[in-house]
Ligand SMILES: NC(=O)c1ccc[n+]([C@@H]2O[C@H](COP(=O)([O-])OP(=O)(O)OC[C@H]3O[C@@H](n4cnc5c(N)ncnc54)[C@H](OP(=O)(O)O)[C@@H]3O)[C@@H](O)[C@H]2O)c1
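Have a look below at one chain only, the form predicted on its own, in structure tokens format.
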């Protein structure tokens, strides 16, 4: 029996592999990656590698074995039909008879277009009959803290979220929840709504940036179409800019406030405060 993680060299996948290495022997972990070179560090520590690509179904032949626990980390190629990509993994997992397929989804309350692929994948998983765990991850701190240069340069946090609040948490928090599900018991056919313990708004986020940097940083709430224009002006493809503006519209409606406590319950610790993620990013 192996614990198999797809997208293992991605932002979230790396944290999951690191967390698994603290809980189980390396030879019980299989990292599914597209680039063997990127995963060389894992291989050196005894993690098994499987080279496979969501866009090439045949590459998943033999990746899974009966009894494996699998984490399907959602793809990030928004232009390539993510539901179809995910079904490649789902079909291979079902054929192999895996014990559990965990999937990183989006909050059930999220109505933005970003959620469409997740809902489609969830439907396919339920229809397949595989034993599943749905990890409905809320928003990540790093979606904001990893791109602080323009914020600090212009002295402004610019979003189209109005006074909306988000229950964001760090990638490490969500990864720890996935590790708990993959290494624990009793998670079969469960759906977890995951988010940070304390919701915050962008005015608070800007104020915390001001406090930590000593610079005056304001929150500028702009209309969605203005925000889209800013993002495309910064080089983002128009479809992706539209998706992000849609997420902000959902934030304004309160759809990314997750108050279940599932995340801290699964990890056994409080979620990372936004102030801590900001501090880490500024040290970065």
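All figures in this text were calculated on a predicted structure; none of them were measured in a lab. Residue numbers count along the first chain shown, from 1.
Not on display, but discussed next: the form predicted in complex with the ligand.
Checklist entry - Three residues, 7, 52 and 77; all within 4.5 Å of the ligand in the predicted complex via heavy atoms? => result Every residue of the spot touches the ligand in the predicted complex.
Item to check | Proximity to the ligand in the predicted complex, single hit among 132, 192, 140, 205 (heavy atom within 4.5 Å) | outcome: Contact check passes for 140.
Checklist entry - Since exactly one of 165, 187, 119, 82 fits, which has a heavy atom within 4.5 Å of the ligand in the predicted complex? => result Here the answer is residue option 82.
Next on the checklist: With the partner left out here, check for me: in the predicted complex, does some heavy atom of residue 73 sit within 4.5 Å of the ligand?
Outcome noted: It does: once the ligand is placed as it appears in the predicted complex, residue 73 has a heavy atom within 4.5 Å of it.
Next on the checklist: Is residue 253 near the ligand? Define near as a heavy atom within 4.5 Å, in the predicted complex.
Outcome noted: Taking the distances in the predicted complex, the answer for residue 253 is no, it never comes within 4.5 Å of the ligand.
Checklist entry - Does residue 48 reach the ligand in the predicted complex if we count a contact as any heavy atom within 4.5 Å? => result Residue 48: no, not in contact with the ligand in the predicted complex.
Checklist entry - Can residue 17 be called a contact residue for the ligand in the predicted complex at 4.5 Å between heavy atoms? => result Residue-level check for residue 17: no, no contact with the ligand.
Item to check | One stretch from 196 to 204, 152 to 160, 132 to 140, 210 to 218 that, in the predicted complex, holds residues within 4.5 Å of the ligand by heavy atom | outcome: Result for this chain: 132 to 140.
Next on the checklist: Residue by residue through 15 to 39, which ones have a non-hydrogen atom no more than 4.5 angstroms from the ligand in the predicted complex?
Outcome noted: The stretch touches the partner through 34, 38.
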